[in-house]
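Listed next as structure tokens is one chain, alone, in the form predicted on its own.
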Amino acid sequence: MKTRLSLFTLMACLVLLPSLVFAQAKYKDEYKMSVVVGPKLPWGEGATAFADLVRERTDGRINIKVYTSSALMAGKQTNEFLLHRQGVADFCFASTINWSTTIKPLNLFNLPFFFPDYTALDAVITGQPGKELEEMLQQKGVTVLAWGENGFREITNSKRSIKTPADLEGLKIRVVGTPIFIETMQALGANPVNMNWGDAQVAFQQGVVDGQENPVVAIEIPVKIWQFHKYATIWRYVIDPLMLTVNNEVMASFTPEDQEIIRQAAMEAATTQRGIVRKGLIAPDLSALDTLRENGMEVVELSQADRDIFRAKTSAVYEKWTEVIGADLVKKAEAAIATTR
């Protein structure tokens, strides 16, 4: 009886072995992950943490190499989604801003002065609006594994303190090339200038460009923005969520067990990364703002009433882009935010 059982076990193993070998063989030696920023920023560090977790927990079966500074995109950040869908990048840790030129509903996060705080953002991402955006991307070939963050984008400049829309009048402000950002700055009376970050820093030094808008912990502190600018305003005019994603076909090529490992690693890495970006920016811990002040910057923190004045000034932008995004999605996001008030 024991001999027959052993023979049966051996035969079963021989039957299963080819399928196991096939499953292992179809994995690529390297999976490419795109990140548009450098490896030392919290965004880049989050991508590396994810890749390390996956490699470790799959015993090296899934080896993800992180390509930073838009290396896979030839520097063209707004092409990232299309190249990801095509499989040029297997994974991405991507900004909603860069994808919003292709996926218009992602401009939800670019609506001026729409999100009052991080609690409101969390309610939208974890609620129905976030689920609808994830389903939309899924249908277009990309799976959202987790949400990270680049942070609220604040404004700094070398000329004067910004407390009202009038203070922006005539200032040359470096912005990303997404149309809604340009239109928002124009509505506030500023002169938006689109250029890459390297050129912008030179322009700041030369006095050709007066200011810029970026997240504090994610960009401004790491690049020591106080080298160029004396004034900072915490106005939370737009938020920059990050999406940790995988190409649908690539995800389907993994075993169910490995898919679950990937999902868990993404959630852990993104949660940690989000915490780093928010550190020092939520009362009572405002140490990130203290860092700006300790380095000679004058920091203005706008109240909600102050922000409402800026929002009123950009109402035409809000109304135009609500139609582009989808009025129904915006309404659902407004409802999600209302539950946090």
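The term rigid core refers to the maximal set of C-alpha atoms that superpose within 1.5 Å between the two forms. Counting begins at 1, following the sequence as shown. Note that the structure is predicted; figures quoted are calculated from it, not measured.
Note that the form predicted in complex with a small molecule isn't included here; everything after this is about it.
- Contact check at 4.5 Å (heavy atoms) against the small molecule in the predicted complex: all three of W43, Q77 and N150 pass.
- Though the partner is left out of this view, V37 does reach within 4.5 Å of the small molecule in the predicted complex, counting heavy atoms only.
- The shortest heavy atom separation between A232 and the small molecule in the predicted complex exceeds 4.5 Å.
- Contact annotation for V176: at least one heavy atom lies within 4.5 Å of the small molecule in the predicted complex.
- A residue is said to contact a partner when one of its heavy atoms sits within 4.5 Å of a partner heavy atom; V209 fails this definition for the small molecule in the predicted complex, lying far away.
- Contact with the small molecule, judged by heavy atoms within 4.5 Å in the predicted complex, is confined among 119-127, 212-220, 162-170, 133-141 to 212-220.
- Checked against the small molecule in the predicted complex, the residues N98, N157, T184, N107 give one hit for a heavy atom within 4.5 Å, which is N98.
- The Cα shift for V217 between this form and the one not shown, taken after rigid core superposition, is smaller than 2 angstroms.
- In the core-superposed comparison between this form and the one not shown, the C-alpha atom of A146 has shifted by less than 2 angstroms.
- Relative to the superposed core, I125 undergoes a C-alpha shift smaller than 2 Å between this form and the one not shown.
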